[in-house]
Ligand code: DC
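Consider the single chain below, provided in structure tokens and representing the form predicted alone.
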Amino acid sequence: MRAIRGATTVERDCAEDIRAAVAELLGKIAEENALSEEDIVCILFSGTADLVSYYPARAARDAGYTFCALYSSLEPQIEGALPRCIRVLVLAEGSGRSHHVYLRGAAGLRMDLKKIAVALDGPSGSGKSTVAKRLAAELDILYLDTGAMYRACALAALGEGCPFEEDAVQELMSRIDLRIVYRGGAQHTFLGDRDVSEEIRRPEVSMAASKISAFPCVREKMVAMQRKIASEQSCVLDGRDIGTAVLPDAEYKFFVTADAATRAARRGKELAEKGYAVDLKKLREEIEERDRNDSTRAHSPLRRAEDAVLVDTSDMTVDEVVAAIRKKIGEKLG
């Protein structure tokens, strides 16, 4: 028995559009999987809560699918879900690979079928990394923590007592052994054979990362690594110049920000949970200093790309931010 999935969207909640969309989707599934009437055992539909004018199963019967069992169900209303979407599961006799079919705006429901890049830029503490991780998990694509790469460069410099001067940093970059490894769905950052994923989160490393990332030789090396990874698979990248310098042609760009007080409180909570002593006043000053450093550096400064959607997270939960971004991605795909 084969299970073949598919989905499509309609412009309007009306019988005419639903009939046309269902006929197109089922026809494409049959074509892609070389299905005959005898092969199809049953077809199960579900539709989003904003589709109430016509049952997809009835539309399938109208399209001539009277030789198999047909079922329709209504999906619960979920904030941020792709609007006017019809999903289908076709159960068919036989074996072999199933070719799943996602048409129109529903193509975004299967990011593994279409390589995309989502760029999330923003200042320190805006929540972009948390959002990027959640977004990547929900889209079932890779999350690339670009900030971890710059932090690893900073950790290497601090460990060697390397002065933050052009010649010294360039020499370090010529021999640094920095690797990104994915294990169990999580990103691990290595310097040589040492996993430094936790070490790079120390406050002093964060400040040093802002300084070392201003050097062109550092950014050129890291950007080359990031572009290579993004060229090989769909991913979400977060940083400060993803949409402007690293992946200027990314289909989906967002600038995630929040006021300095909110960002300091978030960062303080994160550090406290890891056992670090927290001085919120000092932390806010460091964040504001890092903003200045990142925004005024000569090479790839922090700024919002002209085509990036602004998302102010000051008064939003992570769930709300992720839902808002997913909605925007769905709208563009549609």
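The numbering used is simple: start at 1 and walk along the sequence shown. Please read these numbers as outputs of a predicted model, since none were measured by experiment.
In what follows, reference is made to the form predicted together with the named molecule, a form of this protein that is not presented.
Residue-level contacts in the predicted complex: of 201, 134, 194, 115, one residue has a heavy atom within 4.5 Å of the named molecule, and it is 201.
When the named molecule is considered in the predicted complex, residue 210 lines it closely, a heavy atom lying within 4.5 Å. Using a 4.5 Å cutoff between non-hydrogen atoms, residue 219 counts as a contact of the named molecule in the predicted complex. When the named molecule is considered in the predicted complex, residue 267 lines it closely, a heavy atom lying within 4.5 Å. Among residues of the shown chain, residue 147 is one whose heavy atoms approach the named molecule to within 4.5 Å in the predicted complex. None of 258-266, 96-104, 239-247, 166-174 except one has non-hydrogen atoms within 4.5 angstroms of the named molecule in the predicted complex; the exception is 239-247.
Annotation for 285-307: interface residues with the named molecule in the predicted complex are 290, 294, 297 [heavy atom within 4.5 Å].
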